[in-house]
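Below sits a lone chain in structure tokens, taken as the form predicted alone.
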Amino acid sequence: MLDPTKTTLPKKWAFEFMLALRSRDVTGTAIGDALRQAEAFCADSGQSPEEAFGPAGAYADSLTDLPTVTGGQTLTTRLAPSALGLFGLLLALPTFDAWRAGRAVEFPLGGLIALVVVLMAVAVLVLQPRIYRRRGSLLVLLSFAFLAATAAQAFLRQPIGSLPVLPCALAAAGALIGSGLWQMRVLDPDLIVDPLAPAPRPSRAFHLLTCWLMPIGTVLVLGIAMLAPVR
């Protein structure tokens, strides 16, 4: 894998160039080749990339003939597995608290609103990948999602329903396991390949860790929650 910040190009320019190409779904192989070509040109000419090519984003947009990722990466395959895992995580937390306290699982209005806000933010990032290139817009989106979700959970605590612990636990486990299995079927990390030293595909351990990151994270969060007082 080629790390754009490890080339002889200025880190900021190289990273913005890579990010601009990624936002257009250019393949990792093509990105690595474009980075090395820019690096070689600057080394031969003695110019900086800004002098030779101009702003990184504009130069990336000018490379209109680069191949892009194809093969079924639809909105559903990109968003749904992570959304399912997030649902499992958010359901597992109150279910775990309810099990420790010996009561039913309550569903506060704020928690449901927070879930909707987070899923909407994820959808915006999937539908509008170019937002990654606008740091101000990205910061506003993430800040709004965080503040809105936090405020909803803090001020809208009134329960709108409750369910027994067992079905909630089964639903949370099913969502987390389902998200991992779904990711294993659709996740195909398109790494930036160095044309000077082609890297092998990620190891199976890396692939498994990536696919099961949400379930693993849930287990870690529940482990930390064990240290908190029963509510």
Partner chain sequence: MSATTTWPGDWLRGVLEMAVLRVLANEPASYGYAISVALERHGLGAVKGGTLYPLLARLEQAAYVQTRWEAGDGGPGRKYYTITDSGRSHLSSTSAAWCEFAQTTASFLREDAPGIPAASRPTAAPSR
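All figures in this text were calculated on a predicted structure; none of them were measured in a lab. Positions refer to the first chain, counted from 1.
Another form exists, predicted in complex with the partner chain; not displayed. Remarks below refer to it.
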For this session: Considering only heavy atoms, tell me if F206 and the partner chain come within 4.5 Å of each other in the predicted bound form.
Result: no
Problem set entry | Touches the partner chain in the predicted bound form: L63 (any heavy atom, 4.5 Å) | yes
Problem set entry | Heavy atom of A52 within 4.5 Å of the partner chain in the predicted bound form | yes
Problem set entry | Close approach of S162 to the partner chain in the predicted bound form, 4.5 Å, heavy atom | no
For this session: May I ask whether A40, S45 and Y59 each come within 4.5 Å of the partner chain in the predicted bound form, counting any non-hydrogen atom?
Result: yes
